[in-house]
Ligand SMILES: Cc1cc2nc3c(=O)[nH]c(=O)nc-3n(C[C@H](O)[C@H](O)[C@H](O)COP(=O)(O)OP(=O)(O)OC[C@H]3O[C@@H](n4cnc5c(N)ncnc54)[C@H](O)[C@@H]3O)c2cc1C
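Let's start with one chain on its own, the form predicted on its own, as structure tokens.
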């Protein structure tokens, strides 16, 4: 019977990143997918700043930035004319090394992840489907259907369901998936086209006509169109062709279609599973939560799920932590998923609502307010912080303790950069580590050395104060670069007590 540490079902970005992280940490994975080949369409587009920060740990960030497209601005149109341009090229300057909006189509993204995974000797097993599974003590026993139609029984310590909104893992666990489906039908089309909206920037139509967004792709004249299908057409959305879609919004934005590369229609759901974990089985990505595409959050949230779970599974499997650590995966990720669904729901409802009042808000009020908001640095920064996911935090949760400076336990470590260096450089190594900004005690230095816990002491500089970091205390950082402890003293017994309380032995399982 074939055995692995973690069986991953679903080879989209979530499953691939989970496999990569675990492989990097020395965990034996097996990843299967019922499709015959990777996706060939550019479904998810945006790669947010927080994802790129975490991708540094996989040596992927530079490749994504190089292959993708930076969006310089977002433009809002009303009545056939652009009314507001929101610059994006430096919108998050000083907050992250990736202070921009990056577009990198999902099909290309998946190919990059697959290529990188193969360097670890792991290949996605295609045309292989999970039929069912059961937990037996210390194992998951799974039944697979292989490409030749034969069935295989395999073993794994844990099962990761990254198998999408119709997840067989979630259905087998009989986990509820409450929520609903928006009435609007959307279409998505990848096109080669020309016109004023094909200038490498993002364009959104706020008019009474069908909603339309033009997302730039790398390469001249390439873009993705996302629009609504309304009226009686929505009742027969499955059989629609691009020619059947209303041309009102397309004509308003002066889009001249030259070639259609891909077209599809879909309905948008908003759901969060009742549980993200049952025993030795976990739900990640669309298997755990689906929501509107507003803000480009879906794929990035799934990748966040994968990285959160990966270091915890690796710690438990390598002897670096007790199994109780795995309970924190659901606690941390389900809270964010619920908040995200509520937030994107409000944005989605505003953009797609129908009726005279909704039209007035979009065509009269929004064009008046957007330029004013865009003119304030605080407004632009708030928008970037929210969409980029750099404000995602685990404050008040079991693995998060203390406050030092403006940084709380559970926060993402703030980025501080000046001519003397970058405090994110040590984070490329996905291990527990301690950061001190200023001075620390001899006792702290000796304890960290004795326990093989990396200690990085940075001479105090104004950049650290600007970033909100506290002076002369310490930050214990988790392998996923979130702050476990924010402390104003320099007593290593605080760290020892934390590890003891949580059953963590960080000197095991180091990469």
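Positions refer to the first chain, counted from 1. The shown structure was predicted, so the numbers you read here are calculated from the model rather than taken from an experiment.
Unshown form predicted in complex with the named molecule; subsequent notes refer to it.
Checked against the named molecule in the model of the complex, the candidates 213, 436, 168, 325 yield a single residue with a heavy atom inside 4.5 Å, and that residue is 168. Proximity to the named molecule in the model of the complex, taken as a non-hydrogen atom within 4.5 angstroms, holds for one residue of 381, 129, 152, 274, which is 129. Partner contacts here mean any heavy atom within 4.5 Å of the named molecule in the model of the complex, and among 385 to 393, 198 to 206, 419 to 427, 264 to 272 they occur only in 264 to 272. Heavy atoms of no residue among 64, 105 and 310 are located within 4.5 Å of the named molecule in the model of the complex.
Although the partner is absent from this view, residue 188 contacts the named molecule in the model of the complex, with a non-hydrogen atom inside 4.5 angstroms.
The closest heavy atom approach of residue 299 to the named molecule in the model of the complex falls within 4.5 Å. Put simply, residue 160 is far from the named molecule in the model of the complex: not one heavy atom of it is within 4.5 Å. Although the partner is absent from this view, residue 456 stays clear of the named molecule in the model of the complex, with no non-hydrogen atom inside 4.5 angstroms. In the model of the complex, the named molecule lies beyond 4.5 angstroms of every heavy atom of every residue of 385 to 423.
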